[in-house]
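In C-alpha cells, the next block holds one chain alone, the form predicted on its own.
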Amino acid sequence: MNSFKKLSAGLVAAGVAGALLTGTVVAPAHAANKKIAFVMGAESDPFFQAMKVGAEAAAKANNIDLIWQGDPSEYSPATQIPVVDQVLALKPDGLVLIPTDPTALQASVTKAKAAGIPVINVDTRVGDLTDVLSFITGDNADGGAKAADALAKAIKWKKGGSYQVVVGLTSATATTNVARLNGFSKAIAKKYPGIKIVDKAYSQSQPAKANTNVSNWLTKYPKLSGIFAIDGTNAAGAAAALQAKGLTGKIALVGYDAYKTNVDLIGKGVFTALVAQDPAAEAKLAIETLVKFFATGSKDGIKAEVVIPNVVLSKTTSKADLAKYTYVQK
C-alpha cells in the first residue's frame, strides 16, 4: 500500500488540474515497496504543493512509498541541506531533488551517489549533472523572453522611449531564476532598446519579503514602468504591493507561476500576463523515471534532460485554459 511520510510539521497539501496528471503507469510490479524521497525548497509555495499532487499520483499508481519533505517556508541551501541529509539517512531507493543552489547542493548529489541512490533533478539543477539520472524542468529561458514581450507590450514600448523596469527573484543562484532572468535580459537588449532593468531584489520564496521589495522600489523609482516577478511568490508579493498603493494598471506587472490567487488577478488587471509551468507533470515524470530505472537498472531509454513547455496566460486566454493551468489547491 502506498503511504506518504513527512519529517516536519507544517506540510500544506495542494492540487493541480486533473488534466495534468494523466499518463501511462510504468511497471508498478517492479517498483512495489520501493521508497522515493522528494525534497523541494519551500513546502508552502503553491508551485511545490502542485508538484506534490503529481508526485503522489505517480507514487500511488506505481506502489511507491513517497517521502515528501522540504523546509516549511524558506528557499535556501542552508535550510535544504539538513533536510536532504535526513531523508538520505532513511536510505530511500531514489531521490528527487530540487536544489536551491547549483553549487551548495552538489555535495548532496555526491553523497546520494556514494550510497547507491539514483538522483533526479526537477525544476532546478546542480552544476554538474554527471551523477544525475535525469533533469526535468520548464523552458525557463523561453519563459523569460516571453515575459519581456508581454511587459514591453504592457508598457506600450516605442522606439526612442525610456522605461524603467525591475525584477523580483527568489534566489540569485537557483538555475530557474538565472535562466529566466537571462532570457528576459537578452530579449530586452535585442528587441526593446530604451527599456532598462534598474534593479533586482530577492525574496527567498516569501511573498511578504517580495511585497517589501516592491514597496521599496515604488519609493526609489517614481517613474517605474514595469515589474517582472520571476516566480510565483514574487508575483504574489508584487501584486499585493501594487494593489495596496492603488497602482493597479499604472505599473505593468508580468509574473511567473499560475497560483490561483494570481490567475484571478489577471481579470482584474493586476497582472498583464503570467507564465504558467506544469509542476505536476514535472513531478509525475520524475517518479515514473525512477520507477523505470528500478525496473531495468539501466539508463537506456531515460532522457538526460526533459524540457516542458510553458504557457502564457492573459486576459485573452480562454476560461478552460485558465482552469487547466492554474495550480489548484485542495
Partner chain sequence: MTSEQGVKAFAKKLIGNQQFLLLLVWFAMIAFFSAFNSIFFSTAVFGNILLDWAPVVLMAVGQTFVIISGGIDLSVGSTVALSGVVAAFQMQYMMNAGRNQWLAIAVGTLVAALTGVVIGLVNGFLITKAKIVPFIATLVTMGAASGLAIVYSGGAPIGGGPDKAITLSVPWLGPLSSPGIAVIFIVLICGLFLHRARFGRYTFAIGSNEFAARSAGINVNRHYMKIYALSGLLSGLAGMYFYCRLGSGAPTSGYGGELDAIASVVIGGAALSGGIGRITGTVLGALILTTTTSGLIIIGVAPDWKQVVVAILIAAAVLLQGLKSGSRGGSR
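It should be emphasised that the depicted structure is a prediction, and the values quoted were computed from it without experimental measurement. Positions refer to the first chain, counted from 1.
Beyond the structure shown, there is the form predicted together with its partner chain, which is absent from this document and is the topic of what follows.
Contact annotation for the candidate site: 164, 181 and 194 all lie away from its partner chain in the predicted complex (no heavy atom within 4.5 Å). Only one of 148-156, 134-142, 104-112, 212-220 lies within 4.5 Å of its partner chain in the predicted complex by heavy atoms, and it is 212-220.
With the partner omitted from this view, the residue of 224, 88, 81, 240 that lies near its partner chain in the predicted complex is 240 [heavy atom within 4.5 Å]. None of 63, 69, 261, 272 but one reaches within 4.5 angstroms of its partner chain in the predicted complex through a heavy atom, and that residue is 261. Heavy atoms of residue 41 never reach within 4.5 Å of its partner chain in the predicted complex, leaving it off the interface. Residue contact with its partner chain in the predicted complex: residue 54 places no heavy atom within 4.5 Å of it. Taking non-hydrogen atoms only, residue 277 never approaches its partner chain to within 4.5 angstroms in the predicted complex. In the predicted complex, no heavy atom of residue 173 sits within 4.5 Å of its partner chain. Of all the residues from 176-209, those having a non-hydrogen atom no more than 4.5 Å from its partner chain in the predicted complex are 199, 202, 204, 205, 206, 207, 208.
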